[in-house]
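Just the one chain here, laid out as structure tokens, in the form predicted alone.
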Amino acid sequence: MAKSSATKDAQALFHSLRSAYAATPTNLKIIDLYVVFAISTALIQVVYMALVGSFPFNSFLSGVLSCIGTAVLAVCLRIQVNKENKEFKDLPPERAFADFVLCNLVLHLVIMNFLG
């Protein structure tokens, strides 16, 4: 009896999440897809390191930190571009994207410097 109740609750939760996400604007869905891509790339690098080894450890750290940093910056971009967020209502989307590009440039310059 408890299993069927938990299953119904889980199905109701997934249904409500799916219907809420269907109302999300396309530009936010694209940013979400980019975040998923960056995180999955970091996970692939970690699995590769676990299977093959991490001889140039600086390279492994640089790759993973690049993916995670890019994902964090993309989440910040998503927060700033979201129209429902009242904190950034006066910030134009072009400015938010320019901040994202500039921060990515600084992040990757630091990562290139870390490589040696």
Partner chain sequence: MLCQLQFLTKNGIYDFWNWFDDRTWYPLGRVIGGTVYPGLTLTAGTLWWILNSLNIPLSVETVCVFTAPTFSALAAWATYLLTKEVKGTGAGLTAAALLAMVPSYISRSVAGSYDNEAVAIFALIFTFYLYIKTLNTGSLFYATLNALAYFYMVCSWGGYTFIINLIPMHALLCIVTGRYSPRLYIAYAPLVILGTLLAALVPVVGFNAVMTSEHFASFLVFLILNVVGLVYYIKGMLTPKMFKVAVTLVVSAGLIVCCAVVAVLVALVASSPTKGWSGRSLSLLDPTYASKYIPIIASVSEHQPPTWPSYFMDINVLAFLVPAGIIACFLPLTDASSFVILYLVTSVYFSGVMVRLMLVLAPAACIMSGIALSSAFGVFTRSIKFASIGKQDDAGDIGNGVTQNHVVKPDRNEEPPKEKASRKKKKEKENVEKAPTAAKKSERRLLMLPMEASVVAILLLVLLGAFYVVHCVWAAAEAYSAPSIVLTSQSHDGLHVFDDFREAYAWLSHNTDVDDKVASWWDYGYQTTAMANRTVIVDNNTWNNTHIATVGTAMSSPEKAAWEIFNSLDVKYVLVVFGGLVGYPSDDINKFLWMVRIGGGVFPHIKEPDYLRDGQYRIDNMATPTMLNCLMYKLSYYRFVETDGKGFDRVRRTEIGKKHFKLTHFEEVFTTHHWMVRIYKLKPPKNRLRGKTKKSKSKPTSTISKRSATQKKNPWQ
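Here the structure is a predicted model, which means the values were calculated and not measured. Positions refer to the first chain, counted from 1.
The same protein also has a form predicted together with the partner chain, omitted here; what follows describes it.
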(message) I'd like to know whether residue 27 contacts the partner chain in the predicted complex, with contact meaning heavy atoms within 4.5 angstroms.
(response) no
(request) Indicate whether residue 46 is a 4.5 Å heavy atom neighbour of the partner chain in the predicted complex. (result) no
(request) May I ask you to check whether residue 4 falls inside a 4.5 Å heavy atom distance of the partner chain in the predicted complex? (result) no
(message) So in the predicted complex, is the partner chain close enough to residue 31 to count as touching (4.5 Å, heavy atoms)?
(response) no
(message) Within 4.5 Å of the partner chain in the predicted complex, counting any non-hydrogen atom, which residues from 70 to 91 show up?
(response) 72, 73, 75, 76, 78, 79, 80, 85, 87, 88
